[in-house]
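Given as C-alpha cells, the chain that follows is alone and in the form predicted on its own.
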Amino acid sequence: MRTTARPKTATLKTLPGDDVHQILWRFSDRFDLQMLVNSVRSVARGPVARLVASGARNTHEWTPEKASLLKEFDAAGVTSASLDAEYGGYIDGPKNFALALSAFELAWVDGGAATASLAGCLALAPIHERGTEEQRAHYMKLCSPTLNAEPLRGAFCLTEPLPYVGVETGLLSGKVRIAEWKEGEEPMLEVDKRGRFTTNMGFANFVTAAVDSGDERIKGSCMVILEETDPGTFDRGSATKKMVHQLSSTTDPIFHLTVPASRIIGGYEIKDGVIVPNFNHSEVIEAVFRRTRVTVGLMTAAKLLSAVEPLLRYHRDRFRGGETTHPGSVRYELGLQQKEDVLHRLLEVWATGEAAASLGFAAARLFDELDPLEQEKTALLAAQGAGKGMSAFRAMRKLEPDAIAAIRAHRTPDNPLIRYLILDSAANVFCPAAKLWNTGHGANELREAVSLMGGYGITEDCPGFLVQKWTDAQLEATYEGPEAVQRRQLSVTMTNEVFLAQFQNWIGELRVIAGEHPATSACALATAMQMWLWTLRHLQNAKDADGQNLYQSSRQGVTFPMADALCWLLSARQLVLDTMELAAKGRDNASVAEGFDGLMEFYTDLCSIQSGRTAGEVGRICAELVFGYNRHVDWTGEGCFHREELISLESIIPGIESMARDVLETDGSHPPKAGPCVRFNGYEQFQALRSKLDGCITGSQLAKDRAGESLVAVMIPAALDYPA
C-alpha cells in the first residue's frame, strides 16, 4: 500500500485556555457569558476547592461550612444566572447555555457544589416552563438574591420511596386530595408526599412536588408547590448516606400539607365539579428534564477535561526526588511520559472530554434556539384551535413531509412551525445522547484517569480530586433518569424521519470536511454514520432466527446498542464541527494566533483519535446486530459439500475437490468448527461498508503518536490554580 508521509508540524505550546474554548463552544462574542464563567470560576476554585481540600466531603450532614457556599453563589451571580432581568437576572434571552457553562465551571472542581447550585434552578424550572404568570412572578422574585437579602431556596421532589429509587417516574405514591371546597371559594388541597434522594432539602423553603390524584374530584396527576410555612408537616427528613456529591444536601423528606389549589403548577380548570390541572406531572417533567439533562452531562465532561493538567504534572514529576534521577536526564524531565502507554491513554481521556463538552454545549445552544420557537409554536397552534395534546400532535405531524423536503433541499423554511419541527427532532435526540454518553462513557474514562495516577489516584489528597470526581460521575449517570431511561428515549426519537433526514445531510457535510481537512478522519466518521443508518433500516425490517421482529421496544438488546452507537457518532461529529470553527476563527483571535498551528494540529489529531474509536465501536455494534440474530448453519444444512458430491463434480469442474473447504467426509467427520462458514447473501452492501470503514481508520494511531509528542512538550503551570 502506497503511503504519503505527513510533514512534521508544530506541537501544542500551552494547554487550551478560555479564548480557545470560547471559539470552540461559540461564545467568543458573548461578554455576559464570559463574565459569568469568570465569576463562577472564582467561587469554584476558591471557596468550593478549599472546602473539598479541608475534608468537607467527609460528612453526610448539611453543615454551616457547606451552607456558606449558598451566599458565595449569590454574591458571584451564580444564583441569578437563571432569572430574567425583571427578576434580578442579567442574561438576556434563553439561559440553557449560560446554566451549562455555570455547571461546567463548578463541576470542574466538585460535582456536589454544581448540584447544589443547579438544584435551585431545577426547583424553579417547572414554574418557569409551565407555571402561570402569577406563579412565575411570585416565586422568581422571591428567589432572586438581587431583590431579597434572604432569597427563597427550592427543591424538586419527584422520586418516591420505592425500591431502587428513581426507576419509574410514572409511578407516583404522592397523593393530592380535596381538603376543603367551600362554595364560591378556592379549593384547598391536602398533599401527602414522601420524597427520596431529594436535593437541597437541608435548606429548601419551598418544594415543587409531583403528585397523583387520590380524589375523584381531581383528575390525573400534577405538580404542586409546597412551602415550609404551609399548615401541616414539612419534614426535611434524614440525610441520605450517599458516598458522592457530599457538598449538596440530600434527604428523604415527608410532607403532609394543606395548600390552595392555586399552587398547582400551570393552573387548572373546573369541569363538572372536577379539578382538571392544565398540565399533568409528566408534561411538566418533560419540559424540564429535556433541558436540565444536558447540564448534568456537561458536569461529567468538565471532570474529564479537568483531569488533564494534574495527570500531565504527575507523569512528568513521577521520578523526581530520587537519588538516581538528576535534572536534565530524560527520566527527570519526562518521568512516565517516556512510555507510550500513559500518553495514549491520557489522549483518550482528553479526546472523550472534548467530545463530551462539544456534544453537551451543542445541545445547550440548540435549546436556546428552540425555546423562543416553542413559544411561537404554542401561540400559533392555539390560534389555529389545535390547542395541545393529540390535536397539537396531529397538527405538527401533518407538517413532517414539508420539513423533510426542506431538509433535503438544504433550505431554511419560512414557516416557524416547520423550523420548530426540525429543531425539536434534533433536540429530542441530543438531550438524551449528551446525558447518556457523557455520564456513562465519561465515568468509564474517569476510571482510566484515576488509574493513570497509580496509587496516588485513590488517596484523599490526589491532585485534582480525581477519585471524588470519578465516584461523583456514577451518581450523575443516574440523575434525572438512569442510563436505561436515556436509551429508551433515544430508541424512539432517533427513528423520527425528520431527524434521520438531517442525519443523512450530516453524512454529506462530513464528506466535504474530509475533503478539506482529511486529517480529522471525518471520512471515517461519515462512513460509520452511513453504516449506522443502513443497520437501523435493516433492523427495522428484519426478523431474528425465530421470526420475531428485531427493532421493537421490547428488544432492548437491539435498540439500546443502536442508541449507544448513535451517541458515539454525535459526540465525535460535534468535536469535528467545533474544530472546524476553531480553524475558521482561531487565527483571527490575537490570544489564540500565537501557537495556532500547533493548537490546530493537536485538535485535528484529537478528532482523528475520537473518530477512529467511534468507527471501531459503531462497526462492532452494527456487526453484532446485523449478524448476531441469525442462527449459525450446521453440518446438516446448506453451505457444506459432501465428499461424494465433490468426487462426482471433479470431472465437470476440475480442481473443485482441492478448493472446497467446508467438506463433510464420507465417515461423517468435518473441520473443527460449528458448521460451514457463514454466507453473506443479502448483506453485500453491509460487508462493503464494513470493509470501507475499517480502511477509513487508517492513520488514527499515527494521530495518537503525533498528539503524544504535544503532551511531552506542552507547557503547564507550576501548580493547579486550586488547592490539593
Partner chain sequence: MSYHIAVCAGIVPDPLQTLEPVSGPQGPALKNEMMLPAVLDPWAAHALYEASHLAKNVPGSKVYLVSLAPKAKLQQVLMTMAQKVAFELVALDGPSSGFTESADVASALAAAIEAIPGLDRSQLLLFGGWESAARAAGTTLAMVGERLGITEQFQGVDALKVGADGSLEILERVEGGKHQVSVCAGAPAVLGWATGSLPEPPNSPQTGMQNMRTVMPALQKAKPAQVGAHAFLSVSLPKQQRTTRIVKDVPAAEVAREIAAWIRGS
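Remember, it's a predicted structure, so these values are computed and weren't measured experimentally. Numbering follows the first chain given and starts at 1.
The discussion below concerns the form predicted in complex with the partner chain, not included here.
Trainee: Between the options Q34, Q685, T59, T698, which residue brings a heavy atom to within 4.5 Å of the partner chain in the predicted complex?
Mentor: Filtering the options by heavy-atom distance leaves Q34.
Trainee: Please tell me which of G88, P413, P94, P482 lies within 4.5 Å of the partner chain in the predicted complex, judged by heavy atoms.
Mentor: The residue in contact is G88.
Trainee: Just one of 173-181, 443-451, 248-256, 594-602 has residues with a heavy atom within 4.5 Å of the partner chain in the predicted complex, so point it out.
Mentor: Heavy-atom contact with the partner occurs in 594-602.
Trainee: Would you please decide whether G267 lies within 4.5 angstroms of the partner chain in the predicted complex, comparing each non-hydrogen atom pair?
Mentor: The answer is no: G267 has no heavy atom within 4.5 Å of the partner chain.
Trainee: Check A590 for me: does it contact the partner chain in the predicted complex (non-hydrogen atoms, 4.5 angstroms)?
Mentor: Residue-level check for A590: yes, a contact with the partner chain.
Trainee: Can any non-hydrogen atom of I716 be found within 4.5 angstroms of the partner chain in the predicted complex?
Mentor: The answer is yes: I716 has a heavy atom within 4.5 Å of the partner chain.
Trainee: Taking the partner chain as it sits in the predicted complex, is Q22 in contact with it (heavy atom to heavy atom, 4.5 Å or less)?
Mentor: Q22: contacts the partner chain in the predicted complex.
Trainee: Considering only 76-109, what residues come within 4.5 Å of the partner chain in the predicted complex, judged by heavy atoms?
Mentor: Result: A76, G77, S80, G88, Y90.
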